[in-house]
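So this one's two forms of a single chain, laid out as structure tokens and tagged structure 1 and structure 2.
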Structure 1
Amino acid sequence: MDIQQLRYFVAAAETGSITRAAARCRVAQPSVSQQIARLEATLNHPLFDRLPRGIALTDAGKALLPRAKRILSEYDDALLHFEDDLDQGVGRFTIAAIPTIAPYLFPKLLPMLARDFPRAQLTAIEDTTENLIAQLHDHTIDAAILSPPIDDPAIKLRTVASEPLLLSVSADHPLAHRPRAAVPDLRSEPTIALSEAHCLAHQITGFCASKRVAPNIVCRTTHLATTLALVEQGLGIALIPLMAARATPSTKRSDLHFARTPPTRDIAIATHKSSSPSRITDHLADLTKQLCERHDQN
């Protein structure tokens, strides 16, 4: 049974004639007759009584007709609204982000995506880079907002922004009133650092190593919020992403840009290379870029 057979059957049932059904469907009469015969063979029931002047539905034909009409209606509706469904992102879409990005982008990003794709079933996940890469491999998430480098040939990255890192100090720290920070300021100061489970921790370590600076780490935290709270209490300094500084302003600390060659991290949209192109993923990249640019301009 296929769509064309059902279409010929409905046309014949509604016109009461194989000839008129062929004219309606714009095909030769033998084609209609052959397809209806194949449909009858599939169902193992005759659908029409052949009369001297036309055809009439059998009991089997009468039973099939309403179902055939519903199937054709659904089929035609699918073709008609397919592009609209794509534009509105119909279906489930799971977005993920690492913990040093999710708290600062998700509160604005997710409502914007829900607005622009009202028929999508959006789900959000926050997890470490390692876990998100594994979930991209399993196809349990559709896209992740990460910070390269990602050493995995199966993962496709689209870099959307480069974000500076700032030096965060308590409000009463001697550095707090300087206009800019400098790399030497990192030497010997007690430093609050993120756990090495975070890619940001490795990025900061790499930057310090490139500048021949060995931070005096006095505490490692799991969350940036803890890092900032400890900085505000004067327990140490920290390197933090610009988006974290913009999202959590405080009179208890000062967040300084570096005067020269600031440390930065790239922000990218990660997908699995086997995943098909997605309009939601493209829009996710555009919105992420816009939000990162807003942080940079504030």
Structure 2
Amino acid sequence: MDIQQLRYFVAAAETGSITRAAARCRVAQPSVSQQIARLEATLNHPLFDRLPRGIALTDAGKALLPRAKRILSEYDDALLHFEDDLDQGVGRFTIAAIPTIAPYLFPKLLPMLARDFPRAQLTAIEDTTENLIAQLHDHTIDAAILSPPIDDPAIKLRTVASEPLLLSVSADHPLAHRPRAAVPDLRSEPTIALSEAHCLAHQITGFCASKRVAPNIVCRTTHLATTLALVEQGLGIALIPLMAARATPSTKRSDLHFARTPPTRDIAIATHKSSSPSRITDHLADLTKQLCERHDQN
């Protein structure tokens, strides 16, 4: 039983004649005879009564007809709408971001992506850089939003933005009402840092080292949200990304831009090098860029 046989069968059922079915299908009459005979053999039931003037469905033929039509309609739809589906990004896509990005970008990003690709089946994942790279390797995820550097020749990076890190202090901290922060402010102040599982922790460490500042780390948290809460309670100061400051505004905190040579982190879309271009990934990059630029403007 294959598609062709079903097509011949439906044509014969609808025209009531093998000859007319052959004409409709643009083949010779014996081809239809043969395929219908073969179909009857595989189903082990005659599908038509052979009349002197054409054919008529048997009970078996009547039972098969609606199913055959459904199969053919699914089949034809597939061929007809495949290109449209492709343009509209139909299919299952899984995107990911690191924990210092996901909670601040996904709430805006995912609805926008779902709006622009309403027929896509989107899944979002949050994990560390290391795990995301591994998942890109085995193609569990299609794209990851993370922060360079990534030292893996199999990973393709598209840097879409660069965002400053701000100095976040409690509202009643002496620095709170200064218009700008400066690197020396970091010195000896009690500082809240992130766990070293996060790349942001290493980026901050690198920045401090380059400025010859050794921060006085009094606490390490496993998530930026915790860091912010601790800052608000006055337990210390912290360097936080712009998107975190913008996404979780608070009157109990003051987030200061650095006056000069601010620390920054890049935001990049990572994909596997062997993946072919993807409309959704491209659009993900565009949207991420837009969102980061919007943060910068305010």
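As the structure is a prediction and not an experimental result, all values here were calculated from the model. Structure 1 provides the reference sequence; residues are numbered from 1 along it. Here, rigid core means the biggest group of C-alpha atoms that superpose within 1.5 Å across both forms.
>> Two copies of the same chain, shown separately. Which of them is the form predicted together with the DNA?
In response: Number 2 is right.
>> Does Thr123 shift between structure 1 and structure 2 by 2 angstroms or more at the C-alpha, the core having been superposed?
In response: No, its C-alpha moves less than 2 Å.
>> Once the core is aligned, does Pro30 move its Cα by at least 2 Å between structure 1 and structure 2?
In response: After core superposition, the C-alpha of Pro30 moves 2 Å or more between structure 1 and structure 2.
> Is there a C-alpha shift of 2 Å or more at Ile280 between structure 1 and structure 2 once the rigid core is superposed?
Replying inline: No, the C-alpha moves less than 2 Å.
>> Given the rigid core as reference frame, how large is the C-alpha shift of Asn44 between structure 1 and structure 2? Answer in angstrom.
In response: Its alpha carbon moves by 15.9 Å.
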